[in-house]
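There is one chain below, alone, in C-alpha cells, taken in the form predicted on its own.
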C-alpha cells in the first residue's frame, strides 16, 4: 500500500482552474466536458468549425503581436489601445495629435489608412505531426533530425491545399514533439476608426501597468478592408469593408463573481514545463539583467519626456514598450519567489524521479534527463548572462548601436558581393533611416547610451567587451565623455549628414562607414560577443533543447493522468476560467471589478498618467451612464478572472458562456506575471476592460454612437445581484 501512495497533486487528474492555452481544433476532445461543467452554454463546435461560421472566424492576430476581434458585419475591429498605439502615434503630429486628443471617424471616408498594419485570420488547423516527423528517428544526430524535419515542413508548405490568397504556417508544439499547420489569410488594408485620448486609453500609464485595481479604457478601433471579392488586398480607394463569416455579439449584462469566461487569441510565449534549474536561471540571471538596463534607460527617457512635449510624442511608444517588459520581469521575479515556484518545481521533479526510478523502462529511457539538464543549464549560465547584457545594452535599448549594426551590414555586403549588389541595399537603408529619424532625438539617445554602457561594462567579463568600453570611457573622462565623443563624430545621429552620405557612390559610403566611430565601437563589441559568448551558447543550447524535448515527452508519459496544454507560441488558443477576485497577501482582498468612481479617486489634474478629460468628469458628476450602468448606478471599467493569458493576448476578446463579447483582455495582475513559467490559480488573474465602458466611451464620451448601429448588442432579463 505504501508504494501506491501519491501526493494529492498527482492522484487527482483535474485541470487547475483557468490554467491552459488550448488548441481550438482539440477543444471537443480535450476540454468541452470540463468547460460545460464550469458553465459554458455553447459547444466546442461553436468555437471552432471548418464547415460553418464559428467564433474563430472573428478572431485575428492584429499587427503581428496582438489580438483583435471583429464586432460587426462590416469589418469593424476592436483591439487594445496599446496594440493600436504604434499606428496611432505614427499617424499623429503636433497639429493632429490623436495620441493626446483621441479620434473618431464620422464616416467611412474619415477612416485613416494605417500603412503596414495587418489582421491575420486562421482558416483551418491541422495536426501534421506524422508528416513532420516522417523519416525521423531517436537515434539521429540533432542536426540531422532538424534537417529532415525542415525538408518535411518545406514539402508540407508547398503541397498543402489552400487558396492563392492564403498562407501556410507550421509550428512545433510540446518542445518539438508535435507539429500543427495553420492555413491563414492576412488582410493588409486596415484603417483607423477611433480611439479615446491616452488619458483614458492609457490611464494610469506605467504606474498602473501590471497592477490591479485597474481603471484603463484600453481599446482602439480599426476597420478591415478587402477587395470586391472579400479577399486580402493592398490599400486601394475602391476596397470595401470586409464581411466576415462571424462577428461577435456584445453583451450588456456584465459579470459577477463565478461567471464562466473565455479568452480567445494569440498568446505569444510561455514556458510552463521547464525544470526548476531553468526557472531559477530566469529569475536570478536573465530577468535581473534586463531589469537593470531598462531601469536606467527608462529613467533617462522619462526625464526628457516630461520636459518636452515633442519628445514625449516621439518616445511615448518606445517608452511604453520598454517599460512593459521591465515591470513584467520585476513582478515575475517577485512572484516566483513569493509563491515558491522553485519549491513546487522541486516537488514535481521529485515525484517525476520517483516514478521513473520505480519503473525499469522509464528508468532506462529517462533516468538521466533531469541531472544532465541541470548540469548543462549551470554550464551555460555565465554565457546567458553575457548575452542578456549585450542585447539589452547594445541592441534593444541603444538606438545608436542598433543602427550601427544595421549599417555595418552594408560593409559586409560590399566585401562579399561587390558594388553592384550594394546599390539596392543602400537605397533600402536610406528609406529605413528616414523612418528612424521621425522619432529620434540624439540628445536622448546620447544620455541613454552613456547610462547603459556603464552598466554593460560593470556586468560583463573583460574580454567580452567590458575592458574595451572601460578603456574608451577612461580616455574620454567617463561615460558621458565617451558618449559626447561618439555622437559628435558619428554620422548616424545627424539626419542631414546621413542623407548626404547615402546619396554618394557605394565605395565612398563604405569607406566613410568603416571609419565611423559608432560603427567601430559596435563592431568591437559585436566581435567580442560572436567570438566569446555566442559559440558557447550555440554549443550548449541545442543540447539543452534536445533534453528539454525529451523531458517534455517524458512528462506526458510518466504523468498519464495529467492533461498537458501546449506552451504558447503565437498561435490561436482558447483559455477559460472564472470571474474572481484574489488575495495577494495577508489581510488584503481585491474585488473582481472596478468602476468610474475609482478613476476619479486616482485623478490628478495635470499629471500625464492620471489626468482625465473634463468631459469624462462631467459625465461622472451627472452619472450620465445611459444603458451601460450597473443596477446600482455605477459605471464598470475593468474586471479580472482566472483565464491563463500572456503577451499576445492583448486585445483578445473576453467571452461569456454564450460566446458574447463582455470585455477586452489587456493585462495581468503584477503578482501573477510569473504565469508564463508558473501558473498559480490562487494568484494569477488576467485583467479586462469591461465592454460596457468601451461602449460608454464610444457613445457618451466620444459622440460616436453611430458605430453602435452596426454592432449586435444583447441583454438578457436575468436579474443581477447588486455589489
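Residue numbers count along the first chain shown, from 1. Not measured: the values here are computed from a predicted model.
In what follows, reference is made to the form predicted together with a small molecule, a form of this protein that is not presented.
Only one of 398, 642, 251, 209 lies close to the small molecule in the model of the complex, with a heavy atom inside 4.5 Å, and it is 209. Of the listed positions (359, 324, 543, 271), a single one reaches within 4.5 angstroms of the small molecule by any non-hydrogen atom in the model of the complex, namely 324. Within 4.5 Å of some heavy atom of the small molecule in the model of the complex lies at least one heavy atom of residue 650. The small molecule is not drawn, but in the model of the complex it has no heavy atom within 4.5 Å of residue 693. Taking the partner from elsewhere, residue 62 is found to have every heavy atom lying beyond 4.5 Å of the small molecule in the model of the complex. In the model of the complex, the small molecule lies within 4.5 Å of some heavy atom of residue 205. Comparing 40-48, 693-701, 24-32, 664-672 against the small molecule in the model of the complex, the single stretch with non-hydrogen atoms within 4.5 angstroms of it is 664-672.
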